[in-house]
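The chain below stands alone and is given in structure tokens; this is the form predicted on its own.
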Amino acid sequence: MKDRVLIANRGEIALRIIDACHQLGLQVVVIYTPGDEQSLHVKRARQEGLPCYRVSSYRDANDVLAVADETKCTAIHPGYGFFAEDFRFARRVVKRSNPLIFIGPRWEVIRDLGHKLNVKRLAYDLGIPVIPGTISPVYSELEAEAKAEELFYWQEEQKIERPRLLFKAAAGGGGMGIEEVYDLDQVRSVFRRIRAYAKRQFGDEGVVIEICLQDYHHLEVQLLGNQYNELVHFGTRNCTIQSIGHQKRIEVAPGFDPSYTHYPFDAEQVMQKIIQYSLKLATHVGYDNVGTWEWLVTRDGKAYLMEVNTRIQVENEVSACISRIKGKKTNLLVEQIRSAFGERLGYKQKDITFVGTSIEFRLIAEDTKQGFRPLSGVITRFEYPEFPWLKVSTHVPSDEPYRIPTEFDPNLALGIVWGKDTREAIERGKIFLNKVIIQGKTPQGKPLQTNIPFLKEKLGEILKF
């Protein structure tokens, strides 16, 4: 029987998974919730005659697996978000009486690397630099206060201006469950909020307390492994342009470009160092699928491992855009699926080369001047240009009004541009942002805002310290 993949996700990532499965000759099954009736991933499935099932929620494991059994699926792709980093779901998928292939790392790897403090402990034991702070979860207010006092004192010793801390949900990710603390008087109230949020969202109320680095770039290393212990990287990317809630808005590959701007450190050396450290940890745990190692690099060139994302990411496309495997364009979703199905890579690190610069813009319905407040409403006009150097990934139809579902983040599209160098990529990014049109109305009848003005404003800052 031909392999059949259930896509347990929505929107643009569901569309990209459909394309990757088609490229590999795999059948697909699509699910959707009532709020996603208008989404292009649903419309495309119906147009192509693909099995398309309505579920109560993308987070309802029973509902999702019932569809998989009904349609005789052999594998499940979680995309990003929802079940992508839920090791309990991944374990259930592969261990139940009617097991499926989980398109992601082994559940044990998701469990071990999905917890920030466990990653910190593993990295510390391997001599990989981590951000100063707790290496065990904090559960009590008294312990949180004591650790916060110690870390504030350490920053004063280091003569750090305006010292502050980050309180994070230990099992969180994607910029969620993070709050800054400027004063010891804030510790108890912030700790209670993060602990409650962590328990509600992740089922684990453990909290991480770290110093808040204030002058840094956020870099990522894209890795791919398989069950044969083959492991390669697809370079670095820079995700420093973010919302005030630490959620990414512009991503660039490669992570630094010394031919474009000056750095107060050896940028090439730093990128190679974080790649080698990432490979070291991945090798140690036997990493066997797509994954991202997230780093913070300070102005003096010090790099600290922050966390590991055991899934495909929104921004994997910028890494794929500049990567070539034996001279051919890369599709990391295709490589991820091949790996999960037990195929060998068929190439080594020396076969992977990098060409040019790629920039990804996240187009979102939000009020960036009001704390990046997410907005809802109806999109009445959505147009974007077509260029050979541009790829737009979107689930928003352009031939009819589209109501933004209120139960999800109001992400509308990804615009990915490529240039032979950073300067050309930036110029092309300007062209794209000037030509894309998103118009609509809020439920109150006001013009719908997007973050396009913010993206234009920040484009000139990419890659620069």
Partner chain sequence: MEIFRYLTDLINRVHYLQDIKGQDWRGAQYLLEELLKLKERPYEIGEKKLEEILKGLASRLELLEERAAQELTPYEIVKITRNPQRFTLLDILDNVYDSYTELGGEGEINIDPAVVCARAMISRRVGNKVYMHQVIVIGHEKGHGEEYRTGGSAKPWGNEKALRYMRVAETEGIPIHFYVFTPGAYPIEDYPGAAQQIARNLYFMAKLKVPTVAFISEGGSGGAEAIALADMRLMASRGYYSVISPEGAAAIEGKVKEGQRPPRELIEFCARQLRITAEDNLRFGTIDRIVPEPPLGARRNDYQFFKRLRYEMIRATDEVVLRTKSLRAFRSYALRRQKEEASPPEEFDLYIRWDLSEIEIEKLLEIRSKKYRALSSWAVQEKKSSLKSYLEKTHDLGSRVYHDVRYGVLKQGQKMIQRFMEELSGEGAVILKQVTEPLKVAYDLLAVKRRPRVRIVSSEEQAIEEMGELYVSPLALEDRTVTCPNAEKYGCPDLWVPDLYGEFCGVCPNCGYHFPLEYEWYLRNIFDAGSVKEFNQDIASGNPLGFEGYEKRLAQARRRSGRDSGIITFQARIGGIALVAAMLIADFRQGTVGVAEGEKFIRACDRARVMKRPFLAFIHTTGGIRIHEGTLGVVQMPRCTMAVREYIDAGGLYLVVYDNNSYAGPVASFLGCSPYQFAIRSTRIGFAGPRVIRETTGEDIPPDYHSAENALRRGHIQGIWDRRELRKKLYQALLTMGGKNLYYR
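What you see is a predicted model, and the numbers here were worked out from it, not measured in a lab. Residue numbers count along the first chain shown, from 1.
A second form of this protein, the form predicted together with its partner chain, is not displayed here; the remarks below concern that form.
In the predicted complex, its partner chain lies within 4.5 Å of some heavy atom of R96. Proximity of G203 to its partner chain in the predicted complex falls within the 4.5 Å heavy atom cutoff. Using a 4.5 angstroms threshold between heavy atoms, Q47 stays clear of its partner chain in the predicted complex. For the chain shown alone, F87 is a contact residue for its partner chain in the predicted complex, at least one non-hydrogen atom being within 4.5 angstroms. Residues with any non-hydrogen atom within 4.5 angstroms of its partner chain in the predicted complex fall in just one of 87-95, 312-320, 118-126, 284-292: 87-95. Residue N62 is the only member of 39-71 with a non-hydrogen atom no more than 4.5 angstroms from its partner chain in the predicted complex.
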